[in-house]
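The chain below stands alone and is given as structure tokens, in the form predicted on its own.
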Amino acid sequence: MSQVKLIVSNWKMNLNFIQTRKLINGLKKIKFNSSTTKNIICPQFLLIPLVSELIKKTNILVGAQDCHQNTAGAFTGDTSVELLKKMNCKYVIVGHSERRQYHNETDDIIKQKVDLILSFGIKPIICVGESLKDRKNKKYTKVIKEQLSNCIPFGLNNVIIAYEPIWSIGTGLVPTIEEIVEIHDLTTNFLKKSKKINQLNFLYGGSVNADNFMDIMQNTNINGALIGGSSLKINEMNKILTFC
């Protein structure tokens, strides 16, 4: 595809201030084609101001791992999209399976977050994915369609979907090329028919490393990756970014 590739680093709850400086300094040295690739870093909340400062005047972008579905209020421990915008966040990950599992986030909550993020001019990266049980019981297409139906507004100009099968996150297990292509095509066709969305950025996430990333990008039409553990390794990121 001719679309710009999105390489999204989900640092999760990792790195301290010293480690962050070291990793950012390494990332700034990587020579990649910023006209065809976007390097997006999503650190934990307390690191966002530091990352935002360190990447000034670079081709690196900063995003967030989540936000609350309300602009403000009595929501102890949560972070508002308004402050994320102040910190120059261009993207927000929503609906990650870890948020669904550990914070009991429903499709309805995720949809509220998507609407709010869009209202602030920020781009949501909407995660979908099935469990191993759903996959084995042949219910995975139903699960994906329900998540797409419930979490995504109608008639957007563009949407970013990150397909992260739950059984692949942090396990080392990766879907086959055919399985990724199947979900890509299902997502594309479903959003076009049901949501009237014609432009889609489809990312793959789940045990992504430099080797399987190259294989996936060479053999599919997807638009990039949502990267977990490998995003903390400068050698892996160098291979991934320069491959694009």
Ligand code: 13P
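In case it trips you up, residue 1 is the first one in the sequence shown, and so on. No experiment lies behind these values; they were computed from the predicted model shown.
If you look for the form predicted in complex with 1,3-dihydroxyacetonephosphate, you will not find it shown, but the lines that follow are about it.
1,3-dihydroxyacetonephosphate in the predicted complex comes within 4.5 Å of no heavy atom belonging to Gly63.
Mapping the unseen interface onto this chain, Leu23 falls outside it, with no heavy atom inside 4.5 Å of 1,3-dihydroxyacetonephosphate in the predicted complex. Within this chain, Glu164 lines the site of 1,3-dihydroxyacetonephosphate in the predicted complex, having a heavy atom no more than 4.5 Å away. In the predicted complex, 1,3-dihydroxyacetonephosphate stays beyond 4.5 Å of every heavy atom belonging to Ile41. Stretch 203 to 211 is the answer when you ask which of 188 to 196, 29 to 37, 54 to 62, 203 to 211 has residues with heavy atoms within 4.5 Å of 1,3-dihydroxyacetonephosphate in the predicted complex. Using a 4.5 Å cut-off on any heavy atom, the residues of 142 to 173 that reach 1,3-dihydroxyacetonephosphate in the predicted complex are, in sequence order, Glu164, Ser168, Ile169, Gly170.
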